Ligand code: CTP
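Given as structure tokens, the chain that follows is alone and in the form predicted alone.
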């Protein structure tokens, strides 16, 4: 009995309401699973043998003004919000599916039929909230045993479960990745057989599950499962294409898929920023397209950072990911991910550091974290050497930032200043002078000061045949 675990006052009120209405009720699904795993959860699902809306209304009255009830008549459900808790009431139901849709035809059903339609046995457990059985665990499909064995398994035939609702295949991988569980072999083989069915699921729903996998403690577990099961190639062929090793004249390149997963895991130890994790996932995405074999140099991937950055918007658009600043952030980090590595391999000049600060802006710390995660050599000496060099780069970044204030910097002379000084309209000459000033500051030719920049502007303009007119410029 788990009565002592049902501490939220709503459970006692539901028990009272079931006695008044004659409708038995159970708390089901993820809340029960998380309770047994000792994980916190504030979303409670209650299945009612009868009208879920009617039972929810009785509970609302018992809670008084502290709760708000929202009824969805078309779906036969009611949502009760009490503080930061959300309690959903729904009548027991059974479902049937068409082959071309994951949206079921829903009918009233029994408690057993409702539980059997759940995706996995660990989500098919329930706790009774009625009468003398209050607190009794109802476990028709041995979910508690699977919980102890850390196994993901479907209550019914997995082929039917996954074919009916293919999103469950993504959910199986997501739960296995989040909880560090294993998918039962029968269930995993069924995912392989039904992988192509994922195409009937909207990309938004697929990405919702994919992003939860990306936020797992060790994302590589889920991504490897997606690949092995045949799901990855169905919705993310660019990532699938990174897998494999080619050998020419006895020279092989590393498997960029598994390298990427290692980078992702390395980074995940230091950051739970989803979009930084996406930058790690995509940092080498263009290597299959830029791969070439040189008889002297071996395998090369020249320009993969540039090609990769151009691929990011197309990938985000197709995967229905945000096309706002989040996408631009990922694109920027993909473009710049080699720059700190190049700096760490050579003498770090002030000019190179200024340019990196200028281009990375506030994302410089995330870029450095990504680059440090990108060191995946099996040679410990080599890894430590790179990390030590990155430490020097970080120190130089701090030094230059304090001295020159380049992060998120805008040149101290604007286009308006140039046009006013020389009485000219917007033109290529204005752009040329602005670029010359910016490059001079980044190269350390002149300091990042307005007075010096204005003087440099006059000299650069003279080279273009421009002379200042008699107009005052604010110094």
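Residue numbers count along the first chain shown, from 1. Please read all numbers here as calculations on a predicted model, not as lab measurements.
Keep in mind that the form predicted in complex with the named molecule is missing from the display, and what follows is about it.
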item: Contact of residue 374 with the named molecule in the predicted bound form (heavy atom, 4.5 Å); value: no
item: Contact of residue 45 with the named molecule in the predicted bound form (heavy atom, 4.5 Å); value: yes
item: is_contact(residue 123, the named molecule) in the predicted bound form, heavy atom dist at most 4.5 Å; value: yes
item: Distance check, residue 118 to the named molecule in the predicted bound form, heavy atom within 4.5 Å; value: yes
item: Which of 414-422, 435-443, 58-66, 22-30 lines the interface with the named molecule in the predicted bound form (heavy atom within 4.5 Å); value: 22-30
item: The named molecule: the contacting residue among 316, 141, 175, 275 in the predicted bound form [heavy atom, 4.5 Å]; value: 175
item: Selected contact from 287, 337, 354, 171, since only one has a non-hydrogen atom within 4.5 angstroms of the named molecule in the predicted bound form; value: 171
item: Residues from 208-241 in contact with the named molecule (non-hydrogen atom within 4.5 Å) in the predicted bound form; value: 212
